[in-house]
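Next up is one chain by itself, shown in structure tokens, the form predicted on its own.
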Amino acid sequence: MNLFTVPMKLLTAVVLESKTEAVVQELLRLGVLDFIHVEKLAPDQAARLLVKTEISDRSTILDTRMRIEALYRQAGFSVPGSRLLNIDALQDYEIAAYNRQLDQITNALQLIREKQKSISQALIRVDELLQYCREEKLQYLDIRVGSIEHGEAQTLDSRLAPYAHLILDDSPDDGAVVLTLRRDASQVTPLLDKFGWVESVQVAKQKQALKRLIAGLEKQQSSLSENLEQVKLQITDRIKKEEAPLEAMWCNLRLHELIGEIESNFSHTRNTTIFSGWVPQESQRLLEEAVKTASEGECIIEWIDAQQMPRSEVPVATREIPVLSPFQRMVDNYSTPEYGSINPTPFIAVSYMAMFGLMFGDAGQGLVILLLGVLGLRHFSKRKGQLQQGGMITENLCKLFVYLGSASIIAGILFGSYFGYEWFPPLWFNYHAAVMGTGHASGAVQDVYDILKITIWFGIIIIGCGLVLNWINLFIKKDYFHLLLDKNGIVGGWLFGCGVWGAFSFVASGYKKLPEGRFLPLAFGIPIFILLFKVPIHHYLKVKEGHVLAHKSIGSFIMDSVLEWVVDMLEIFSGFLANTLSFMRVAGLGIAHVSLMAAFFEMNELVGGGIAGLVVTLIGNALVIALEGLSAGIQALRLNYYEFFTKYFTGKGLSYNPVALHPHAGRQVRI
């Protein structure tokens, strides 16, 4: 596995205008070229080149494609993806014809939606009436029992359609019942008078009316709900009927959209097309052969090494490590590494799981997290090809659960913790005994102070690894100035190491004295003295490289040097101390985890055990998994971002984004 970013090459090619179409299709088929405008390479020649832009056409294509995707979403279907694209199926298109076809589908759906709207409104009115009847809020209802002398109940029902109402005329003995809202009485009463409504004076019928109305409303509610579901199915069936032509249109439009994206980076002379872009070095020969074949050899190709270009302009591609995709997402969320630097993904995977295990070490609870991740992955595998709604729970998060559950299981075995119980002896030390002081602690770890010591050493190792990675990156960049004199360079690392040695020696002496002898004063004094000359050395190197710097007086120059030195001293001594002590939160979360479990065990004893105690234990474990698991995950991410990444990860890279039929995720490439 290559720990560094992928080496890149810059292609510049000239092909005949007549061969451009074939070349574009071949470039799209390969999908490895991250285009740049030729004007960036030769700005003095930009005026002599032509750029053909068809922004309006691209905008029209995008709008039409979005209309198709909207229809798919209405039906709950997955939007056609890049997996369906095939450059060999590329055809000419006519936007007007596509839109006419979409208009026909939309018009047909509109009729169905009007029906859906009508049913939905009727269902809302029925729900309101049913709620008032069930809660017996008669002050909002107008219930009339009687008979219709002129006309039929169906005719009256249609006339009352604009209002929330229900008419029951299925029992001659009990009479007809008309239910409306009291607020509509001024409109309903004149209608009833036209139908010759005669109010019943029998009190018994009035009392029975409410029960009849509830039953009738429930029946009507069920009928309307079924009708609404049927209408929704009609929409789905109508779109499904057009699925094949919609898919063909979408794919053709997307292909032309990608072609337009490629051509937007082209420059032209009268008879030639010029384009340029970045490609992984491993794909150099493949791309060159493809361009030559598509242009039938009528082309000129030039390759430029990434070392000849400014590092900030070279896009960054990292090797795809599928099993570490959750941790790659963490890196992507932070930023893009610099070109030629170390890929942080494997390192954050190890450090993140180690931190989580130290904070959440329980084999039983870890098994629950692992099973949740496995079930989530199984759920997503079953829904492949279906429309995925956005949300917090993703496939990557489920993979992360599997990793974190495994880390928690391993740590739980080391600490002898299984749902808070010591079912098996610990392989390292008993975390619960050390925290609670029960006397069962064994080995070198006896109490919380020993746990804090472990996490401090863990923090020192993490910070040290970050410094070493930074030195490697700076050495590769040939930035020897920062390699030697930066706060995260060799001088800063030396002071950090000496500080660690001095601090632990001071603790070992019972907080009485620092190490004796000349070594410690010299170890601190010489690097501190050297840092006084950081500004003059930097100024000298810049002038030597040909940079024109503003002229400063001797006094100003000395003041800058002293201020820079003071800032460096503060950042090195207070910064490294704060970074190291920050890892004590790892112990803090672990201690809190044990304390919460102990609290639930006490509650178990208070309720007398048995079924009640089992319920308390189950609820306690569920709360600990939810709350402590979330806290441990957040703190592990925070420590990686702010204590580990800041030592070596600049995040100044430019993402590698080739135009391709089947693009790979983010900045990763599979070669």
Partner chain sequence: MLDEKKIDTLMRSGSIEELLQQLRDTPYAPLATAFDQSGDVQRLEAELFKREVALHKDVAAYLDGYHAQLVIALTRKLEVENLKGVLRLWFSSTVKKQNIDYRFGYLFQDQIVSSIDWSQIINAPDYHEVLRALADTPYGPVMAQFDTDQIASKGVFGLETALDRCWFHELRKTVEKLPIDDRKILNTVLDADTDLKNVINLIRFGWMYRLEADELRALMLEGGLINGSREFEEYLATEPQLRSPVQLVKKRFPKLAKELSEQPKATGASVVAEQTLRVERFLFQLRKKEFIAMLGGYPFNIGIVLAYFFLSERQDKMIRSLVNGKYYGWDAQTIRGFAT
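Keep in mind that this is a model prediction, so the values were computed, not measured. Numbering follows the first chain given and starts at 1.
One more form of this protein should be noted, the form predicted in complex with its partner chain, which is absent from this view; the next part is about it.
Contact with its partner chain, judged by heavy atoms within 4.5 Å in the predicted bound form, is confined among 493 to 501, 537 to 545, 555 to 563, 179 to 187 to 179 to 187. The single contact residue among 256, 399, 125, 329, judged by any heavy atom lying within 4.5 Å of its partner chain in the predicted bound form, is 125. With the partner omitted here, the residue from 228, 304, 448, 465 that has a non-hydrogen atom within 4.5 angstroms of its partner chain in the predicted bound form is 228.
Within this chain, residue 634 is remote from the site of its partner chain in the predicted bound form, having no heavy atom within 4.5 Å. Contact check for residue 162: a non-hydrogen atom falls within 4.5 Å of its partner chain in the predicted bound form.
Interface membership of residue 110, defined by any non-hydrogen atom within 4.5 Å of its partner chain in the predicted bound form, is confirmed. Taking the partner from the other structure, its partner chain in the predicted bound form has no heavy atom within 4.5 Å of any heavy atom of residue 606. Annotation for 62 to 84: interface residues with its partner chain in the predicted bound form are 62, 63, 66, 67, 70, 73, 74 [heavy atom within 4.5 Å].
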